[in-house]
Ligand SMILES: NC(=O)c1ccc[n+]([C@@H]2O[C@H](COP(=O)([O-])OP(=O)(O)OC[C@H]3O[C@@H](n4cnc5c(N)ncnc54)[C@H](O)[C@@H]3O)[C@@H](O)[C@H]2O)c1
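Shown here is one chain on its own, the form predicted on its own, set out as structure tokens.
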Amino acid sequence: MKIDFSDQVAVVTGGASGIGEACVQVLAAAGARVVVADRNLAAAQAVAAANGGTAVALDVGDEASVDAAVAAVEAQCGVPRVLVNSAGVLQRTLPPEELTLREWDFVARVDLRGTYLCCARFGAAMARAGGGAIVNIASVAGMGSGPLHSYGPAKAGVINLTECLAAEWGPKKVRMNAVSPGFTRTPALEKGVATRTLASQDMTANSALGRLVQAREIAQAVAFLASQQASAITGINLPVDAGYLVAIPWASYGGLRTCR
């Protein structure tokens, strides 16, 4: 069955670039009326224009900004049936003694607080209107240990938040799910490689499929979970990681056989 979002309004936060932009493209191609919500309004407008949608300014960590965006979307397009929370920031892989509280708070403000605010405001509107689907972009970093002492806990919080709200809003026909990307080829990842924060060879070697994830592959998983084809699915966290999670334990045994 083909995924179809015809006549459905879909809001994508952080939709001006990376995984968010890929989600906009996939949802628009499936017939959705996309709303690109991003703090970079000019970039959001460009992505919206390329995909037949509209754009709104949004700082997910600011309560007033989220409330204004919800009001603008409802006034211009109606209550959305789909929300993708893709807005997020990365952090530097610093030890705790070097990671300032200012940076820690900034990451947590966007990645966890921002996701909660958008879920709370848009989700409440969906519940009043009879239902909808929300997909949060979490991360495999939220599923285990790593040198990301704000980003990892924030993404772990997003996974737990997704489960909590799935139970909260299930009776009101609002489905909540999360997708946890592995290392995904985005502008942010490319910047990490350029600054030597990340190493391409290590990222590909430590995945069962021996490659990075493409942003469109994340978007396709998001579209499935937001669609009627996943109508009985709520409260899950779906890793889309090219086999990163299953490959990492093999490091203690010398690594994957094909990578020796």
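Numbering starts at 1 and follows the sequence shown. Owing to the predicted nature of the structure, the values given are computational and were not obtained by experimental measurement.
Although not depicted, the form predicted together with this ligand is the subject of the following passage.
Every member of the trio 88, 155 and 188 reaches this ligand in the predicted complex with some non-hydrogen atom inside 4.5 Å. Residue 123 falls outside the set of residues with a heavy atom inside 4.5 Å of this ligand in the predicted complex. Proximity of residue 32 to this ligand in the predicted complex: non-hydrogen atoms within 4.5 Å are absent; the residue sits far from the partner. Contact check for residue 19: a non-hydrogen atom falls within 4.5 Å of this ligand in the predicted complex. Although the partner is absent here, residue 184 lies within 4.5 Å of this ligand in the predicted complex, judged by heavy atoms. Judged by heavy atoms within 4.5 Å of this ligand in the predicted complex, the contact stretch among the candidates 159-167, 79-87, 125-133, 97-105 is 79-87.
With the partner removed from view, the residue among 48, 60, 69, 219 that has a non-hydrogen atom within 4.5 Å of this ligand in the predicted complex turns out to be 60. Contact residues in stretch 33-59 (any heavy atom within 4.5 Å of this ligand, taken in the predicted complex) are 38, 39, 40, 58, 59.
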